[in-house]
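So this first bit is one chain, no partners, the form predicted alone, shown in structure tokens.
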């Protein structure tokens, strides 16, 4: 037996058992969804917003709770001042944000590679993981979620979902975005010698402006 034959024989011997039929796999997956509450993690907090804040805060996300969207510019100015940042930021070109009073802050649509701060809108928040859901679109440039050092995001409390599969259910049968981003805390990595590096692959700071409640 040649070396090639020995290698191929070893590969064949190590192959796992054949997969069950597709119908059996589908039935097993469906069975998991028959009683979702039996397999979903139970929240610690009784209120959905409190559970979202608990999960997200544990990952390094900061929060400011606002009564309505009109309070956004002042909250952004307060955040920039607290971090010693200039009163300027990239603003998502969404009508809901453009209509606000930005008198005290220099805003622009373009996102620079070294952008210090940016403000955008989240479509949903997922309480189970403390994650934000953002879709790219004509008025939601994808780089707004990746380039700035400080990513400030507006989230309506009424847009909170309990679990990740609730987001999937909301999107069922809907037009799919070109990019769907789930952001869970600020960017960080421990790839190099186990040392935590903040902002390695994206924003180093994530600040959520929670509207409503």
Partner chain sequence: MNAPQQGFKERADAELKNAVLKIAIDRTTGNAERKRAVAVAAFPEFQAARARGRAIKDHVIAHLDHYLEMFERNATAAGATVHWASDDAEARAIITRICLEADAKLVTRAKSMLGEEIGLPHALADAGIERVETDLAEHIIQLAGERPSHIVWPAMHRTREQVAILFKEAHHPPPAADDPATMVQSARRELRAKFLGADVGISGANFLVADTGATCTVTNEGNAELTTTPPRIHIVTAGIEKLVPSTAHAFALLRLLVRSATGGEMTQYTTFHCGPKRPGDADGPEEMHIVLVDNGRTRMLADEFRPMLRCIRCGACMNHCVVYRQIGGHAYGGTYPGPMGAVLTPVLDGLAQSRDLPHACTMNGRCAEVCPVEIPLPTLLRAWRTRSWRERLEPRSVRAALGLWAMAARRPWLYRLGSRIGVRALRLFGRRGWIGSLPLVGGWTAYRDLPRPSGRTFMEQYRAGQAGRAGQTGREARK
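Numbering follows the first chain given and starts at 1. So that the term is clear: the rigid core is the largest set of C-alpha atoms that superpose within 1.5 Å between two forms. In this text the structure is predicted, and so the values were computed from the model without any measurement.
Another form exists, predicted in complex with the partner chain; not displayed. Remarks below refer to it.
Using a 4.5 angstroms limit between non-hydrogen atoms, residue 50 is distant from the partner chain in the predicted complex. In the predicted complex, the partner chain lies farther than 4.5 Å from every heavy atom of residue 105. Using a 4.5 angstroms threshold between heavy atoms, residue 40 counts as touching the partner chain in the predicted complex. Using a 4.5 Å cutoff between non-hydrogen atoms, residue 73 does not count as a contact of the partner chain in the predicted complex. Within 4.5 angstroms of the partner chain in the predicted complex, the stretch 115-148 places a non-hydrogen atom from each of 128, 129, 131, 136, 137, 138, 140, 141, 142, 143, 146, 147, 148, taken in sequence order. When the rigid core is held fixed, the Cα atom of residue 45 travels less than 2 angstroms between this form and the one not shown.
Relative to the superposed rigid core, residue 165 undergoes a CA displacement smaller than 2 Å between this form and the one not shown.
Residue 25 shows a C-alpha shift of 2 Å or greater between this form and the one not shown [criterion: core-superposed Cα displacement of 2 Å].
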